[in-house]
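Structure 1 and structure 2 below are the same protein chain in two forms, each given by itself as structure tokens.
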Structure 1
């Protein structure tokens, strides 16, 4: 408190700068190493990084972003949202009644254990090879982590909290929103995070199987056409997309679960 404000800010600046250096140093070194090691590469499969960066703007033009990346992202968004809604709704129902839970649990465990990509051929039988198939594949894979985590979260609602809410006459929708879903939300978000990575995998796989556009389709086309630098740009773009979605998810999670993280922080500090 007694420190002059100017000094505090300069120290904070140094700390922020240091953190930035720490964050950027290794990626910079890795990219530099890759750049240098691949500079003279004559291996067809490992083109120089300079070439890959060079073709990137040519490959991912506005048209391709609109024609391939946008449809992929929209399918992912549609499938993921459907899975999240269905997972939370079903999970709340199953988690709230003990008998329903006991009835469904073994079947749900089995369905979750099926590796989601093997459902692509099955859903192709029903839905053909259009957008519906891809959205259904993404939704059917993403729903299980959300569903099972919601069941666990709803089940673990603090009984004292539930009783208190009941004695205050909080029932119906208010109870569901303020008590049940709120206390289950950390678990639900854990499920949603797992579902996100499964969703990206399924988005790519469903497009690799049968599609006429999309990121997965394009990357495989490049590979089959031996357009290796183009293929590398596709891999890099998929990586960037995965990273971007994970950052967005982190931001959303911090916003929604802010109260929870704050609670844990203060809990850690007070004893």
Structure 2
């Protein structure tokens, strides 16, 4: 006898409510601790949190959101997308052929060891100081986790599955899409998740060099003008932006990898 639909809906709501409580509990505690610890602060560099919250609406007006936040988000989206496309394409090629992998591996290990912020002056020489430089900096750092995870995901494709697909005549683009990329997609998404946080960091760093707008530029301007509470609001906004992008990424990942999460759930329930 099955469970009534109303009871299933109630359980789903209870689980969603519990997840929300768990997600908000620690941030609420940290904010409360910060509020209490800074309440009596007279240090100009460590203003009370209530002061930071008080100036937040005045700092981040609609004009500043259009002039600073939107350009930053667009640069991040462009660099991240370029890195995702290049990382998946190159990772698929390198992971599919052992000879290509052996040829590229020393170069990949060398390049991945170079910290992306070090490349900012070099990229500035070739790309100038405009948006192209900032997008290139973001892409140069985001591409590595995507590429390396794609290589490992393609390498780990089940050989029995590959042979079965070949015996059924599934080759070419259909094999790449239905077998290789589908099998490697969990690791590809793991790389994309790592790249997201790297992209936000590089977005801020790239905007600290020869920029005229953006979140990184604005935070530095507040710091140089000794507008310390305003500077803290920029840092909080960056954290909120990262949290929002993480939530959106999680929703997209759960939708694309629904089959994978379903398999894992079935594996946990099976005796």
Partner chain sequence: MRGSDAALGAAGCAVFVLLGEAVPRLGLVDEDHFPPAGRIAVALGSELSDTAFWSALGDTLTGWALGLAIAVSAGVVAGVVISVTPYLREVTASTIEFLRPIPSVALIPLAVLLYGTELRSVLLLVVYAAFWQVLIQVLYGVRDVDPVAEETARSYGLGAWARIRHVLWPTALPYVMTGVRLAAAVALILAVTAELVIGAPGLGARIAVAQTSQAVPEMYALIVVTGVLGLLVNVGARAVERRALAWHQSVRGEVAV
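This one's a predicted model, so the numbers in the text were calculated from it and none came from an experiment. Numbering follows the first chain given and starts at 1. Under this definition, the rigid core comprises the largest set of C-alpha atoms superposing within 1.5 Å between the forms.
Two forms of the same chain are shown on their own. Structure 2 is the form predicted on its own. Of the residues 212, 178, 118, 54, the one at the hinge where one rigid part turns against the other between the two structures is 54.
This chain moves as two rigid pieces, and the smaller piece turns through 12° between the two structures. For residue 22, the Cα deviation between the two structures after core superposition amounts to 5.0 Å. For residue 33, the Cα shift between the two structures is 3.6 Å when the rigid core is held fixed in the overlay.
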